[in-house]
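In structure tokens, one chain follows: the form predicted alone.
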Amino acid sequence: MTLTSLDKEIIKALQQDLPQTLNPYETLAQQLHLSEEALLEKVRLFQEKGLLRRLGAVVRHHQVGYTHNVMVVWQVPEHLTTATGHHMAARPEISHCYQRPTRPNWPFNLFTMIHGTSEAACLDFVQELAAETGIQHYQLLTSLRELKKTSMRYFCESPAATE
């Protein structure tokens, strides 16, 4: 699907917070000089074509009690990677689950981001997952500090483009 400039403007608008009005899509459509029906038809088309997976709320996890997280890297035998990855990805405590290539000094091929209400809850869950899957060779990677945390934004100008 080739995107028109209007399509790109709609995508840019949908990436922002929705207007806090009684009819946010109507308000958004007005900002784009469209009818609400035309905007919603574009959204449906984007979903049908696979451009847009879903629209959803962003929960501020720290504000609802999920204050700890840890990335766990797992060394999973190649023949078990897909099944283990699907098992782990199905757990609600895991927000990201990726298979990645190993390297000569890095044998870990499955990466999971685990969230919990405490450090102990995260660690307990890791042990539970290790017991469930039988994968015992893993490492915990904790964050020292958060440098950036945003969702990806498409069709926006980069700072370098505006200088």
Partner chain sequence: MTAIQDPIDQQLLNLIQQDFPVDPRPYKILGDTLGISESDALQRVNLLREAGIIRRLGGVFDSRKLGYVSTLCAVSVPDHLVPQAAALINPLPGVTHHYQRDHTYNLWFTLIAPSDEKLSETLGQLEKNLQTQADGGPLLNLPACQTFKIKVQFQL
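Positions refer to the first chain, counted from 1. All figures in this text were calculated on a predicted structure; none of them were measured in a lab.
Form predicted in complex with its partner chain: not shown, discussed below.
- Heavy atoms of His86 reach within 4.5 Å of its partner chain in the model of the complex, making it an interface residue.
- Contact annotation for Thr117: at least one heavy atom lies within 4.5 Å of its partner chain in the model of the complex.
- Mapping the unseen interface onto this chain, Thr133 falls outside it, with no heavy atom inside 4.5 Å of its partner chain in the model of the complex.
- In the model of the complex, its partner chain lies within 4.5 Å of some heavy atom of Cys97.
- Among the residues Leu32, Val126, Ala38, Leu52, the one placing a heavy atom within 4.5 Å of its partner chain in the model of the complex is Leu52.
- If you take 135 to 149 and check each residue for a heavy atom within 4.5 Å of its partner chain in the model of the complex, you get Gln139, Leu140, Leu141, Thr142, Ser143, Leu144, Arg145, Glu146, Leu147, Lys148, Lys149, in sequence order.
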